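Encoded as structure tokens, the following chain is the form predicted alone, with no partner shown.
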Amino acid sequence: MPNNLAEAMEVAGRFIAAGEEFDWIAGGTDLIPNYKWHLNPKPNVISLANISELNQLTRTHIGAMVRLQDLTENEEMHPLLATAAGSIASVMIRRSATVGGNICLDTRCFWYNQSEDWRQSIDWCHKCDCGTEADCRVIQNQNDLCVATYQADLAPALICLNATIHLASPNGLREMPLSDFFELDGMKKNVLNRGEIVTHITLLEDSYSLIGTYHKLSQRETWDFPEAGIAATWDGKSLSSLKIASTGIESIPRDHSEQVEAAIESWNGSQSIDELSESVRKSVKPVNNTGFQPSYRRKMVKVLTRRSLKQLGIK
């Protein structure tokens, strides 16, 4: 168990040099259940629990090992992040689950998130094919692309707050806007290279001038992952500051800046709110791999977008 980031990178480097597979483990609230169900387990795990530098939490710096419950209880944290974090699972889980783990949450699909016996009975799936080269069960007769759904809550809120994500690997450090971190593939999920981890998220102090809201659709109020989620922010004055992002719909969270920019060119009050909400609805492409039907989830994207805009006081 490494005690600092340098030691963690050294351990990862040794595994890579030896050609051995491994996973990083933080809170373990997603990884451990997946391992119990034999969902792509690795023979080695590296714990991040003792790396104190990953636990730093300030208004503008959120360490990857910060617990989700800490975001809800920290009085200096942006209210949007506190709201999004507080909507996740239950208090018991939030006290273990981490910010980095939520951002890097494995994509989900009801053909994948099942017991090994169940998956074997349907001849496996593309994401966990157990060496059988099985096809995708959602999009038949192809095994080139996984369409498992990204269902984490923090990402759209952080995208709307213009957050930057910071990464570390045995090859060095890098950073990027959070919206550039994700890749449209349910297996790859994000841009992390082998042995690379998220170290922290940073916000500009200007982010605290933004008003934000987050609404989600889920089958139950607690525990369940979002079937659709919409975050939105603006500065309370100028429509040019408006940002909208979604989650729970596709294999990545979406930044809907393109739809926002098109709408504000000819803004016309409540009519434009409906048009923008419809534009966001049309831009997402859910598939049939979660509890609710894709058509219903897509309709709810429009409802949640309109609800968010009205809550922000946009007219």
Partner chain sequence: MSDDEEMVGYRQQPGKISFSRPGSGGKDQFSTLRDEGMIPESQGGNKSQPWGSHRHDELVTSSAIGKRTPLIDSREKVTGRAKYGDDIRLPNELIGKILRSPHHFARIKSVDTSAAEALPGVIAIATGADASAKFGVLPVTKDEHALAVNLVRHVGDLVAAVAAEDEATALHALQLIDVDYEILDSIHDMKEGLENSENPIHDRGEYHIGEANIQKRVYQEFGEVDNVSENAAATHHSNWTFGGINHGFTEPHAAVANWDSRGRLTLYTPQQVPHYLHRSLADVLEIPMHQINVYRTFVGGGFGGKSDPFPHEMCAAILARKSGRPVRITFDREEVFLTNRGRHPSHIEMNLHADSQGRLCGIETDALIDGGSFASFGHVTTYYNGVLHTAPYEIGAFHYTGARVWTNKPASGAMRGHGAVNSRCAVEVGLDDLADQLQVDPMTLRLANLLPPLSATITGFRITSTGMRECLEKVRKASDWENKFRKLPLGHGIGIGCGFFISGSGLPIHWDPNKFPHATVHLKIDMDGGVTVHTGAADIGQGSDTVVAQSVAEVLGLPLDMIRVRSQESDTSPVDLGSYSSRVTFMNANAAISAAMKIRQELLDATAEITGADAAHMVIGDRRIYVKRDPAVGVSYLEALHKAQEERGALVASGAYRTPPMGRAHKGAAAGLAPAYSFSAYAAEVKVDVETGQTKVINVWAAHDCGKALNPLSVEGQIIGSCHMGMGQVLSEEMVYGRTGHLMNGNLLDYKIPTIHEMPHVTPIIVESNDPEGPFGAKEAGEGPLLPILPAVCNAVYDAVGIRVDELPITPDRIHRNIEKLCRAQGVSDPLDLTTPKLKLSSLQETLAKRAAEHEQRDIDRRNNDGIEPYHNGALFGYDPTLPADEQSDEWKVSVIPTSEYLAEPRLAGSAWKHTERRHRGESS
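Numbering follows the first chain given and starts at 1. Only a predicted model underlies this, so the values are computations on that prediction, with no experimental measurement involved.
Although it is not shown, the form predicted together with its partner chain is what the next lines describe.
With respect to its partner chain in the predicted complex, the three residues I103, Y208 and S270 uniformly fall beyond 4.5 angstroms at the level of their nearest heavy atom. Of the candidate stretches 77-85, 120-128, 232-240, 174-182, only 120-128 has residues with heavy atoms within 4.5 Å of its partner chain in the predicted complex. Taking the partner from elsewhere, T202 is found to have every heavy atom lying beyond 4.5 Å of its partner chain in the predicted complex. Among residues of the shown chain, W24 is not one whose heavy atoms approach its partner chain to within 4.5 Å in the predicted complex. Its partner chain in the predicted complex comes within 4.5 Å of a heavy atom belonging to F292. In the predicted complex, at least one heavy atom of R108 sits within 4.5 Å of its partner chain.
With contact defined as any non-hydrogen atom lying within 4.5 angstroms of its partner chain in the predicted complex, the contacting residues in 283-315 are F292, Q293, Y296, K299, M300, V303, R306, R307, given in sequence order.
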